[in-house]
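Quick heads-up: it's one chain on its own, the form predicted alone, in structure tokens.
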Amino acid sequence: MAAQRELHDFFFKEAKRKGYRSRAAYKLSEIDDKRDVLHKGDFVLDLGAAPGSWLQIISERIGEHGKVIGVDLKAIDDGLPNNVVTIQEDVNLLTPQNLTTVLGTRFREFDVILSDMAPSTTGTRTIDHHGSVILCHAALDLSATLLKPHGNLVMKVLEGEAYPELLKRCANCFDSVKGFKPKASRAISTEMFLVCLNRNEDMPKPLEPAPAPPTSGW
């Protein structure tokens, strides 16, 4: 445990020294170093982007000719590089149409979608796990409409009983799916990251919700 605390102190201090907004920057750095998710010139969507450390890493790795859109329910502080745009929005409301409005240009599909989204934790492991899985399915639904064929998806999940079913859905949508736990993640945490590479061209679209039954009034 002492060694683990020292490791996390290291990432915290390094993030502060290099000007990253949180040590989570090192989670994405290691994922990309190992799995080659991001490339120069990519158009990237970052879900659950606050406070912005992933946006900083993405910006560095996609370069000045790339662009990243960060979305969160919370406002993200200014001071990010010029190739970063932030939106305060519910990710479930993202569509090509409202992205076109926000960006002021015709929407094009993303090369990469990243999700560091997490539910509001309750302290009950099972409840928090299922909350994280719901967010992962939301990211998968968005990938069916916003991610280009052969694009990549990375998303955080808390491990638990619904993990195998989530993994199965991912495997039906991407050529390669692997779980990965970065060194910057706490040892006692159940968080891991699903790295999904090369989106299938025939990835199933999300099911439309059933219409509400008609109501009658007097």
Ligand SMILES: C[S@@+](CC[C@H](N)C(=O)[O-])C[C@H]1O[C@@H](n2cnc3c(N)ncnc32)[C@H](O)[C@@H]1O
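Computed from a predicted model, the values in this text were never measured in an experiment. So that there is no doubt, residue numbering starts at 1 and follows the sequence shown.
If you look for the form predicted together with this ligand, you will not find it shown, but the lines that follow are about it.
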Any non-hydrogen atom of A144 within 4.5 angstroms of this ligand in the predicted bound form: no
Contact flag, V112 vs this ligand in the predicted bound form, heavy atom cut 4.5 Å: no
Partner contact for C136 in the predicted bound form: this ligand, 4.5 angstroms, heavy atom: no
4.5 Å heavy atom contact, L103 and this ligand in the predicted bound form: no
One residue of T122, N92, Q97, T126 in contact with this ligand, assessed in the predicted bound form (non-hydrogen atom, 4.5 angstroms): N92
Segment assignment from 181-189, 47-55, 161-169, 34-42: heavy atom within 4.5 Å of this ligand in the predicted bound form: 47-55
Residues of 104-120 having any heavy atom within 4.5 Å of this ligand in the predicted bound form, listed in sequence order: D116, M117, A118
